[in-house]
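Below: one protein chain in two forms, given as structure tokens, structure 1 then structure 2.
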Structure 1
């Protein structure tokens, strides 16, 4: 798996589009900066085995029972998704 950015972890609280707070150190960090080792990833579609990306900003959920498969955004949070399977 590729390195996690702060915006992809549970240990990050956004302040605005580009920055947020590291909830463990209480420091202001850039959202796209690499998160330290051991930070817990937040469930997102792009981190699910059922997600297939069609381009940078769009994809589909292969676990969907609908035809056509429903559209999923890579950064969509999937904490309540029953079909989410971590990579």
Structure 2
């Protein structure tokens, strides 16, 4: 199983673009550091079946009502997205 960085988990509260708080240990951790095993992944577009795209940082949301379909980016947090469908 692929290792998660802190910023890809739900046990992390971002302080800024570089670091955040591990909500389980209360430690300040780097956003891109590897999270401990078992931390829950946070929903992001890159984990959604509605996301398509091959570009590293850009893609499309197939669930959007826009024509053409609206842009999306893999790194976007989707915890509040009602169209999110986990892969």
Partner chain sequence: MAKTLKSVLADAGIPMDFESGGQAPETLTDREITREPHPRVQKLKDIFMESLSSASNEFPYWYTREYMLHDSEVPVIRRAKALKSAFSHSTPVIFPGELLTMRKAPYVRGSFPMPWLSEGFYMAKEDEFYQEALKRGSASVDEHSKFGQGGGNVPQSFGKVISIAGKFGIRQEEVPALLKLAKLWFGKSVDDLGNKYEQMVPGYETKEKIMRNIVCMFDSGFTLPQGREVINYYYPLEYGFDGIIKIAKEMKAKVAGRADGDGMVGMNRLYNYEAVIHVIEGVQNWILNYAKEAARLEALETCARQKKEYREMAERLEWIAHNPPRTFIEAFQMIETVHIAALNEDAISGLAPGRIGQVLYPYFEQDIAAGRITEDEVIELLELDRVYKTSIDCFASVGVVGGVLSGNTFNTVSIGGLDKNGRSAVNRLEYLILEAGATNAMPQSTLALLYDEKLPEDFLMLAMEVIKTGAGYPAFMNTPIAQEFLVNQYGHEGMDSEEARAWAIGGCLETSPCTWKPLHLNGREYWIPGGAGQPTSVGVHFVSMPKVLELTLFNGIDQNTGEKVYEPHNRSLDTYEALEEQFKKYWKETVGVLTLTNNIQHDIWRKNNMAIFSSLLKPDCLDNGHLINELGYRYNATFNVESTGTITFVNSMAALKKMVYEDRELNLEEMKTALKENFGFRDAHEINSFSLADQEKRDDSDNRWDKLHFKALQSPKYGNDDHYADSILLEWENFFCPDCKNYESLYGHTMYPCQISVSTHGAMGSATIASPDGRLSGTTFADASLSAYPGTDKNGPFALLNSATVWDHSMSQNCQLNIKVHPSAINGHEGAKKLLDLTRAYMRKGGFHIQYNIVDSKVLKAAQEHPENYRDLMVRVAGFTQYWVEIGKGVQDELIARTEYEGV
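All of these numbers come straight from a predicted model, not from anything done at the bench. Residue numbers count along the first chain shown, from 1.
Next item on the list: Just flag whichever of structures 1 and 2 is the form predicted on its own.
Entry: Structure 1, not 2.
Check: Of the options 62, 41, 58, 21, which one coincides with the hinge of the rigid rotation between structure 1 and structure 2?
Finding: In this comparison, the hinge residue comes out as 41.
Margin query: Rounded to whole °, what is the turn of the smaller rigid part against the larger between structure 1 and structure 2?
Written below: So the smaller rigid part is rotated by 22 degrees.
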